[in-house]
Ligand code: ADP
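This document opens with one chain alone, in structure tokens, the form predicted on its own.
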């Protein structure tokens, strides 16, 4: 049964990306559209989209957006169709044509405008979704705005709302004056506690209160966020809404991430040709990065933001122990200065055996996934994670901490049954991580048949969006009473 679904998000591929949210927006709607649904996405028209895609966009017209006493400005609506999915873009030069997507002092005002504009856009288009699927704080006020600001319009009141938490740590917390000034809402919604967080308001908390259903990006993370350890001070309201909370594991775009067709690789390969394919990519990666070309040495790769959340300090404090083993280590990423400094030291200290590439390089990331033997991902918490699924898609065994989506997607090697598709450790402890690295190395060097079986199991792991899309359709149908 076809459904009309509008995705609201602060970013989305193939147009703009800063993190994993963009991957989801670029993949899940496409699969839902393939299932026969009418799926559309609305994004702000950022400078980065204008620079790369403006010629592809069709101008639909202009609307006036009035929200509170501060916002009374026009927005121009653009459209593009990609992979069967219609994208809408909301243009406002002052708010969105900037060097970055987020991190500005007026972010609350910017995304208040975006959310009110996307709701006004529905009347302009005369297209009425069954579901608005909002994602993260940038669209967290949509359920409340739809309910209150369009209270007399049955077309808006029929819309159901699902809100997906991609990372609970990012909450969109702003001053209480945002309610009347930019959102057109009475202080009543602060006084009754539904928007209140500390002495201000939270876009994310508001979504947790007013959305019909809440989802997050893995079953384990949906349980973790009910606790004070992982709940980012939202655990109380999440426990209250637990009957409406779904944990649905993300997938990846298996067309974009396919070693059999990836043009960035030195040699394409698949589940039956991975030995020669990975050997060629490993040699090419070693040559490209100035590593010693050692085909039999285990190459450990990591592609990550270098933040505490990603477990980078578990690595930095144990670099000497890690490098005392027969390994090569490649790290690609940027982030906190302390981590970057540690990895620059690593490269200098272990020249020819370790490389740190500061920054992000999409082409190199693909080659690291293909050329590595192990992929390191020791996150302190990880709502879902994409890198571990990409690494399995490329026949590279993930080594992860058992948290969130890492626990849900990586089955640790069982030496007695041979089962597994990677390696894992439970405690956020650097010694446990090093122990697991050494355990994995023992399998690599001393148990080649077992290692090969693990690689085959990694290739066989279903990391597509197909199963998850079906679960989202079940969620939508439950909301619609079907």
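Positions refer to the first chain, counted from 1. Source: prediction; values computed, not measured.
There is also a form predicted in complex with the named molecule; it is not shown, and the following applies to it.
Taking non-hydrogen atoms only, residue 361 approaches the named molecule to within 4.5 angstroms in the predicted bound form. None of the heavy atoms of residue 14 is located within 4.5 Å of the named molecule in the predicted bound form.
Taking the partner from the other structure, the named molecule in the predicted bound form has a heavy atom within 4.5 Å of a heavy atom of residue 309.
Of the heavy atoms in residue 398, none are within 4.5 Å of the named molecule in the predicted bound form. The candidate spot formed by 297, 325 and 442 is out of contact with the named molecule in the predicted bound form: none of the three has a heavy atom within 4.5 Å. A heavy atom within 4.5 Å of the named molecule in the predicted bound form is found for exactly one of 211, 85, 238, 303: 303.
Contact with the named molecule in the predicted bound form, judged by any heavy atom within 4.5 Å, is made by just one of 222, 387, 171, 409: 387. Heavy atoms within 4.5 Å of the named molecule in the predicted bound form belong, among the stretches 331 to 339, 74 to 82, 188 to 196, 315 to 323, to residues of 331 to 339. Interface residues of 15 to 49, taken as those with a heavy atom within 4.5 Å of the named molecule in the predicted bound form (partner not displayed): 17, 19, 20, 21, 23, in sequence order.
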